[in-house]
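Each of the two blocks below gives one form of the same protein chain as structure tokens; they are labelled structure 1 and structure 2.
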Structure 1
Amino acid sequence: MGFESKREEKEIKYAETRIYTDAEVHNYTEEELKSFKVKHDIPDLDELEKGPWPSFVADAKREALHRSKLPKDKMLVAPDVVEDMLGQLQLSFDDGETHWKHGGIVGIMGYGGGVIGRYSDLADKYPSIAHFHTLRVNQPASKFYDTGFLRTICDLWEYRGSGMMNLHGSTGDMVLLGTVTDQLEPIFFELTHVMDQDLGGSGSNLRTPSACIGKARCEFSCYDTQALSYELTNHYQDELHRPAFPYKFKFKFDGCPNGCVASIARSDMSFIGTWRDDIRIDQEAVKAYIAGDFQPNGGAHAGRDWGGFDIEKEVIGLCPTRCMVMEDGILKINNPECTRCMHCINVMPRALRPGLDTGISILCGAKAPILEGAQMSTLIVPFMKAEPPYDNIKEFIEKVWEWWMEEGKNRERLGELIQRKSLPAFLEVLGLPPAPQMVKAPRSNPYIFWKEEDVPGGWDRDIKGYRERHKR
């Protein structure tokens, strides 16, 4: 059964919400674009347009031209806001420092997180970007949009903001770049009342949960990423709306160990789909791959002749634990040794599939390099079932938060707290026994600091008796 919302979703009908006509939306030609020059000299940014890759500068110039030709009564932010943004960016390159002042989190009625304050320190030179606040908008699970929603929000942002958007930020949100303070409340009202849409998280709060496409379209997904993301987003609304944490906290949901949202590298708590039974094997399909009847990797590498498929070289020899072998034309897997790297399944998806006893692994502590450098998540729970109403997962989350909020310093992410207090201290709070899967690398420190209750006889045991029992 597919994922279904618990509440009726509002259908956005663009015919009823639109602000601009088709002629106003498509109001310039490619010839006009070629001859268009922004009002500031931006040589370094012009250089960024060169080369084979798409350029944000080219997109910004399109938007600048578009705004210059829109009716002035159909914009509540200055028409030249994009041009001033480009001019200030060029000056930042020249000076080797940013000219944006972080304004903290700009509050709106009843909501402490969601708007990122930005102010220019060159307001006299670039008046249209004196305020340049950024809004995060809570994206739908797995980023499924319909065109009515997208067109409506584009019109809204053209009218009340700069027209520039980022799909999507590292948190996952749709990011609306640049508006003035006076427009924040009207934008928030229209998002919530007209579009039935919430802001995303900003500041020291729960950031917007982000999920891969999951069971909606992926046959490898081991749990319903959309359902879990939706449930936790709604259940923890207060943590999203009102910053009360030591610092930001991110959930990300990967349906399988392929990690398409990179949760292991980008989230304080990663939920990665896994299985605890055996990989399913279709031996006839294995033979078909070997015979060349099926293309390996789902045909992803079909642009060149790589020669015949070699299962020893391309699958068995690349298994990190060497847990696979061909014997008498039969593929055998020593499943207890499998680390769920997904390589064999990715190469031969018609022959190999994840097991049927599925759930999640929970990892904690990933972050970008702000204070203590970049960190990857540490495996904390090797396997847990992920089924509605997800009470087992919520119980785990709240134990983690209680410890982090009690012990965490200001601007200290969960991973940094674990690093400072130690993994054993974290496991003790969670009531979990240490497990080999939690070890990232062989121990470099030869000392283990035991607790008295872990030592038979405690600290006052009879050492003479011990030595008597262990004579050389």
Structure 2
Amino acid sequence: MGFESKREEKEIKYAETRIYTDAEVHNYTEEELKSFKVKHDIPDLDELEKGPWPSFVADAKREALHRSKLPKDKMLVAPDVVEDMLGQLQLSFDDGETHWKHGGIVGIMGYGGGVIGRYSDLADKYPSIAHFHTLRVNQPASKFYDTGFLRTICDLWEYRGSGMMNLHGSTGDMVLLGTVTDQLEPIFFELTHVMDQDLGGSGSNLRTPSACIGKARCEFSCYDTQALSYELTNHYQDELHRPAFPYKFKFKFDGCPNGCVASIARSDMSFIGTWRDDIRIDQEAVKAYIAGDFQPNGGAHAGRDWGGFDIEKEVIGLCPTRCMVMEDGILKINNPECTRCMHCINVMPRALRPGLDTGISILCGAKAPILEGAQMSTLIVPFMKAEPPYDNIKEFIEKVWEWWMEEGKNRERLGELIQRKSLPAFLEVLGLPPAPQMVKAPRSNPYIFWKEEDVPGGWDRDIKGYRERHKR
């Protein structure tokens, strides 16, 4: 079944939504930029512009200059908001502490997420950032935009916000940085009614789900990441907008184990595409790679002369489970031993492809360092089909949430709860059997303890019979 939108898609026509003229959009020269000075002294920030990497300071200065030249009646937030932000940041560097207050009440009526209240504690000195709220805008699945959409949101944010944005935050949202309380509802109205665009998650919510480009462009994708992301975003609207979780909760969708959205490292629940049949092999194409007719890795490493392609060294010898061999010019894979690492497929995409019986693995519990250090997700469901209406996946999600909401402490991530209560306790709640794939390394985390009911005959044994077989 192909993807179907739940509602008619709206085309945003920039000609109808635009606020600024072309001349206003391109209102300064590179010469002017070179001589432009922001109104505060920012020596440490100037330092950040040096070196080979792009710098947010350079971008912020462009925006500051741009705003200084826009007509004043075409901005509802102070023109010098970017300059004050830079000034306060410099002072934070000098003082070694932040000058943002911690959190706030602001939000959109009825929404418990998507807006993060930010207030300066130096409003006298930097009046334009007395309020400097952040909005998180739910990015479209896989971040497909057209220019009409991007231009419209840029104009909207220039007009009703600071003009500064971060594309994209690590959760995936478009992050709009810095506006005042009075502008929140009007921005929300424009986003939803004109642009057909919702806010994302923040706080103790389901956070904005995020997907790799998946079947839209990538031949490796084992399920439709965009469709699943879209379905769960719609299905769990209440969880996205009305926070009742112990803490944040993230879904991420990778179409294959290459993990382009790094779901395994960055989400409480990672959905990673996989297959349970055999890797498809085109032996003629294997020969063509060996003969040098096709470039390995699609030519990705062709910038240097690495010598001829050596399948033993570059593919077979690097297979982590050593499950590949060449026999009489035929490549063979012992599929039950394959861990689906993708290496061989990445090197020889024209010869090897994922199997056809595809679905997902579900892993749980990744998080950033706050407690116990950073943690990757642990494999919980080795294989599940991922097809609309995804009821099997929803059932799994809801079981996990129910346990976490019941047992989780305030500000405890799912991964921390699993650590505290133990993986077997988690598996028991889910009704899943322990599997070898859940063991990180043999003999290093022997966390499976047998319970009496798991063992045939329980703990009772016939001691007489035993003694007959085993002398003291």
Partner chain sequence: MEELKKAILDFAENSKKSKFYFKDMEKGVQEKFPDAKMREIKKAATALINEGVLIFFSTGSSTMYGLKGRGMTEDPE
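What you see is a predicted model, and the numbers here were worked out from it, not measured in a lab. Reference numbering: structure 1, starting with residue 1. Just so we're on the same page, rigid core means the largest C-alpha set that superposes within 1.5 Å between forms.
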Quiz item: For this pair of chain forms, which number matches the form predicted in complex with the partner chain?
Solution: 2
Self-check item: Did Asp22 shift 2 Å or more between the two structures, C-alpha, core superposed
Solution: no
Quiz item: For Pro456, what C-alpha shift in Å is seen between the two structures once the core is overlaid?
Solution: 5.1
